[in-house]
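Presented below, as C-alpha cells, is a lone chain in the form predicted alone.
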Amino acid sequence: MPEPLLEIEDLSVTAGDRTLVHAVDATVARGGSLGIVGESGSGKSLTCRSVLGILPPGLATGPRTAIRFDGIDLTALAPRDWPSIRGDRIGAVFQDPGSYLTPSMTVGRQLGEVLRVRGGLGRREARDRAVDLFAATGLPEPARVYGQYPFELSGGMLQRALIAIAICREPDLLIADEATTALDVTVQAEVLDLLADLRERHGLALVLVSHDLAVVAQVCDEVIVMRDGEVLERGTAAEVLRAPRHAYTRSLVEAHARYGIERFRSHA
C-alpha cells in the first residue's frame, strides 16, 4: 500500500453544542487523490478547513479528532508553526478566485511577493519564476499576464493564477475546494486537466471537493460521499460510480448522468 500522506481520524466539527461534522475518517496517499462529494452544507468544506487549520470563528474540532500530515499532528500545531505547513507543504485553491487576490495589485506581483517572502528569491528571480509558473499552469502569454490586474483576467485565468500561487512552494498536497464550480463547462474541463497534469508531473497529492460526481470521477482515485456532516459512502471512483450502495449516492449518480458521468462509469 502507498504510504499515507494525510490521515484524518474521527473528525468532528462543533459550534457550541451543535455538531456539524460527525466522525469523518479519510486517508490520502502520497501522490494520491481523494474526492469529497456532497451538496452545500454537507460538511465537505469544513472537513478541508479543519485540515488547513482555518475553521471559522466559533467552530472547533472535537477532542477525539486526529489529523496527521506526513506524521505531523496538525491538531497540536501552535499558530506560529502553521506557516511552514499551510502554503508551503499544503496548498489550497477555493471557489471564486477573485476573492483571494488583491484587486489593486497585478497577479504577477502577488505571486512574486510569495516567492520573495516565502522562497527567499530576489526580485528578478521571482519575476522569472512567476512567469514560468504562469506558463506551467497554461496561462497564455504568461509574461503579459504577469503585469495584469485580476479584473483584466477571465474566471478560468484567475483560477490558473491562483493555482500557480498555491503550487509555487512545491507543496506535497493541494486542496481544491469547489475550485471549478463557478467556471463554464469548457474552462472547468481545462482546469481539471491541469490538476491531473500536476499530479502526474510533480507527484502532487490532491483533495478535490465538489458537489458534482462527474468532476470528481475525472480526477480522483478515491471518493467519499457526505451529507449532513456524515460520510455515507466511500470507495474507489469506479466502485462508487459503477455500483453505488447508498440511496443518496445513487441519486447523485442519476442526477449527473446527463452531464457525462456515464462515460466515466463505463471506463472505470
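Everything numeric in this text was worked out from a predicted model, so none of it was measured. One rule holds for the numbers: they count along the sequence shown, beginning at 1.
Form predicted in complex with a small molecule: not shown, discussed below.
With a 4.5 Å heavy atom cut-off, would you call residue 27 a contact of the small molecule in the predicted complex? No, residue 27 sits far enough from the small molecule in the predicted complex that none of its heavy atoms falls within 4.5 Å.
Heavy atom to heavy atom, is residue 40 within 4.5 Å of the small molecule in the predicted complex? Yes.
Though only this chain appears here, would residue 20 touch the small molecule in the predicted complex if you measure heavy atom gaps against 4.5 Å? Residue 20: contacts the small molecule in the predicted complex.
Report yes if any heavy atom of residue 59 sits within 4.5 Å of a heavy atom of the small molecule in the predicted complex; otherwise report no. Flag for residue 59 set to yes.
Only one of 46, 223, 214, 206 has a non-hydrogen atom within 4.5 angstroms of the small molecule in the predicted complex; which is it? After the contact test, the surviving option is 46.
Go through 32-40, 60-68, 233-241, 214-222 and give me the stretch that gets within 4.5 Å of the small molecule in the predicted complex, heavy atoms only. The contacting stretch is 32-40.
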